[in-house]
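In the form predicted alone, a lone chain appears below as structure tokens.
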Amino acid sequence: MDKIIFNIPDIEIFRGEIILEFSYLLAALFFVYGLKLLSHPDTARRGNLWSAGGMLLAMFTTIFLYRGGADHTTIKTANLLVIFVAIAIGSVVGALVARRIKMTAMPQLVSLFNASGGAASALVALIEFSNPDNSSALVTLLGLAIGSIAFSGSMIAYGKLDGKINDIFTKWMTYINLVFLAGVVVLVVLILMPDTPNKQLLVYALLGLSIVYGVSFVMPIGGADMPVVISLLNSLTGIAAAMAGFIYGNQAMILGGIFVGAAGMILTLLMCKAMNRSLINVIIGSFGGGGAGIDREAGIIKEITVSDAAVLLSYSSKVVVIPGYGLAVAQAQHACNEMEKLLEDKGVEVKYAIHPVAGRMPGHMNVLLAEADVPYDKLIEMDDINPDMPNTDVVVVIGANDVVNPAALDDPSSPIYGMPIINSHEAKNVIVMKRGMGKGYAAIENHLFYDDKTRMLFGNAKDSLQKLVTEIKSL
């Protein structure tokens, strides 16, 4: 047998590749451990740091140890300068945005993150398609299509969450979206066929049609479904990143993308289950898109004064607070926490009931209340809190609407019928804090507001809570 002889440079290259592959494995372990820590608010901060550490490790070992091309060349010095300048700019911008962003705008920020990830993956695929060393045209085209859809869809989601874009829904939108999706599939097949002319032109056509489809499929989706859509777009961004990893043969990108894609899809399906709806129904059903809905008033509205509300809460044994997006808009989480502490000093048991899709993104209420230092053990999920509702003296609904609407249980004609809700109507007393009698995302009347046990406390949630705090202190 012929002997294989390595010279010194060969050995150095081999060692570098071994260290690089090991760093990718270590980064993947950091990602897994970080995800595990993210499952609990008490450890979520450390989870973010572990995951960021894994990404940092993968980035810098790739920059300094990667050997590309047939001659195993290192990254050119000029390219290194561009890379580090880009990293510095991105880090400064990211840090400034993260420090200044308000909790009410967190869903918009997540949408922008999704959009940037999708755009990066799409650009990688677009650049690498004509690369003769690219071994998988299918993976490249999938990365281009999925990344483009994630980018444009996330930008539309950002605009809708920020109030810059309105829902656009007609009965034809479903068919138009199906035509666009079929067009994307057809273009991918045509480009993969060996005898197809003008492939580069078709690639640009695929890019354009994917962007258009991303816009058109998010446009008709109403606000009530936005948490599901954000989670789905996050999953698509992860899948697109995994495709980019396959293009470069980079295990860290592949594993990171798979983690994000799988976690996002699992979360999407769990939220669909929480709403008693299928994913297809969310995408094409336009739930909460401002439809006609039902306008059946079930009684007379009864108001309560701040003084009476303070007395009722102070002399209760068990109080449950149900937060919604209105709490976030009013930035009332700190005032709510102050009220909770005052009531506990008086011997009242206070808990928070969390609906899976309350707010504008997955876990929005958990993040909001964690900012106000509300202990995690006080945040009770819907399925766990519902059995205690008949024994609850007072439920305080702050800015929530559809997630507490009894029509979901007793009105088969309602568009939210079958959606699991927090059974606030079973409590002995209900106080609803709202600015006015506006409807929720599903555009239907909330039967809870007309219940004999319900009292409305109108006004800005933060102002109302601060007045309540003052009254409770005086008792």
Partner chain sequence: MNAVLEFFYSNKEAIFIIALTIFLGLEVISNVPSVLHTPLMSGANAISGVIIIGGIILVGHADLENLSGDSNLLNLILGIFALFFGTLNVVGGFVVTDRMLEMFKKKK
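Predicted model only: the values in this text are computed from it and were never measured. Residue numbers count along the first chain shown, from 1.
Heads up, the form predicted together with its partner chain isn't pictured, but that's what we're talking about next.
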Of 182, 193, 280, 86, the only residue with a heavy atom within 4.5 Å of its partner chain in the predicted complex is 86
Checking 387, 197, 90, 208 against its partner chain in the predicted complex, the residue with a non-hydrogen atom inside 4.5 angstroms turns out to be 90
May I ask whether 162, 201 and 216 each come within 4.5 Å of its partner chain in the predicted complex, counting any non-hydrogen atom?
-> no
Answer yes if any heavy atom of residue 141 is within 4.5 Å of a heavy atom of its partner chain in the predicted complex; otherwise answer no.
-> no
Would you please decide whether residue 449 lies within 4.5 angstroms of its partner chain in the predicted complex, comparing each non-hydrogen atom pair?
-> no
4.5 Å heavy atom contact, residue 148 to its partner chain in the predicted complex | no
Interface membership of residue 234, its partner chain in the predicted complex, 4.5 Å heavy atom rule = yes
Name the stretch: of 173-181, 112-120, 394-402, 307-315, exactly one has residues whose heavy atoms fall within 4.5 Å of its partner chain in the predicted complex.
-> 112-120
Contacts with its partner chain in the predicted complex, stretch 369-397 (heavy atom within 4.5 Å) = 370, 371, 373, 375, 376, 377, 381
